[in-house]
Ligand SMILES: Cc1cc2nc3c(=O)[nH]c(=O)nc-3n(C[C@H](O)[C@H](O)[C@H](O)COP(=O)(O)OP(=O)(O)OC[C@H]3O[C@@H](n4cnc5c(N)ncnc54)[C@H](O)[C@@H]3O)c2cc1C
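Take a look at this single chain, the form predicted on its own, given in structure tokens.
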């Protein structure tokens, strides 16, 4: 029986690679991370601009995540929670739909909101009751179909599906057609029901930074472009060569396909998103809640004000507004079109907003078709190389964490 892998070369410093490295280091192995960009985090990064914290695309951390929550020091992250529900913009105006189990005072306003029927809202309660009693393993064993078909089978009306679920899950799955795996719908619905959507007080980038801080100095090599991989070595664009006992490719799925499977066998489809940030003298919402576009028209999918949760997202006396647009439309007037739409939501005050930055993120989320989520070990071994990442379990922070930890556990087992 051969020995446990000791020197492990990890390509990619996103959440999966960092989780893998932390588990290996704390078990006594020697991981080395090679990250081609200028910082760790992969798709979870935060930029600083004029005193504002700009997450690279609107993201949240669900505090019901079991594996990520156990790995991270969530108290040090100082998580700030959104209210459990949403504001829905419809032709008749802005309406409030809340999780009445946690905000019972909102029962009447939620029941009377013209979004779906009273029976639809009872079905939401029934779904919540059922899914919170299931484990993730239970959900992984369910028949998998599209979320749209799942909701129709569950008896939800077209008005509820179109007026609520397409907008709410549009922001989670980055698609309003609801073609994402119903297992992923059940998993995320369970997470939202059992906990809160949160933001770290110093930005989403604090999550990978915290993991990186648990690794010894010299573990992480930034600006290190890997050009060639063998089962026991890697070569950088600089020509530097590193030898190890094992190699883990913890990049996004497309980069992994380029490095390991030249034929593109595992090249995934992606969901893309555009995030537009504005600064304002005051918040248009005035509370830590997400506002959704329930009209089915226009470019805006959702709006939130991160500084309503965590004041450190904006300088004193200012508010940071985040607007998500599904896809990566490259039109030069996108910011103007967003403001035109939001004037109907919030009034003329939007004309005083100052545009800060627009992020067009082509590879925002792996497409999660039915049959692809919550299955398998969470990693794969191909051509002698280990592959891990959220595309191998679930496209989420929890999925990336699980994949990284399980890969490390596999490496720590004598082979």
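No experiment lies behind these values; they were computed from the predicted model shown. Positions refer to the first chain, counted from 1.
The same protein also exists as the form predicted together with the ligand; that form is not shown, yet it is the one meant from here on.
Practice item. Given the ligand in the predicted complex, answer whether the residues 53, 205 and 308 all have a heavy atom inside 4.5 Å of it. Key: Spot residues vs the ligand: no contact at all.
Check your understanding: Looking at 127-135, 249-257, 286-294, 85-93, which one sits within 4.5 Å of the ligand in the predicted complex if you count heavy atoms only?
Key -> Only one stretch passes the 4.5 Å heavy-atom test: 249-257.
Exercise for review: Could you check which residue among 369, 27, 361, 356 gets a heavy atom within 4.5 Å of the ligand in the predicted complex?
Suggested key: Spelling it out, the residue with a heavy atom inside the cut-off is 361.
Point to revise | The single option of 350, 32, 365, 385 touching the ligand in the predicted complex, heavy atom within 4.5 Å | key: Contact check passes for 365.
Check your understanding: According to a 4.5 angstroms non-hydrogen atom cut-off, is residue 43 in contact with the ligand in the predicted complex?
Key -> The answer is yes: residue 43 has a heavy atom within 4.5 Å of the ligand.
Review point. Looking in the predicted complex, any heavy atom of residue 346 within 4.5 Å of the ligand?
Key: No, residue 346 stays farther than 4.5 Å from the ligand in the predicted complex.
Exercise for review: Mark residue 397 yes when one of its heavy atoms lies within 4.5 Å of a heavy atom of the ligand in the predicted complex, and no otherwise.
Suggested key: Yes, residue 397 sits close enough to the ligand in the predicted complex that at least one of its heavy atoms falls within 4.5 Å.
Check your understanding: According to a 4.5 angstroms non-hydrogen atom cut-off, is residue 11 in contact with the ligand in the predicted complex?
Key -> Residue 11: yes, in contact with the ligand in the predicted complex.
Check your understanding: Can you name the residues of 214-240 that have a non-hydrogen atom within 4.5 angstroms of the ligand in the predicted complex?
Key -> Counting only heavy atoms within 4.5 Å of the ligand in the predicted complex, the contacting residues of 214-240 are 224, 225, 226.
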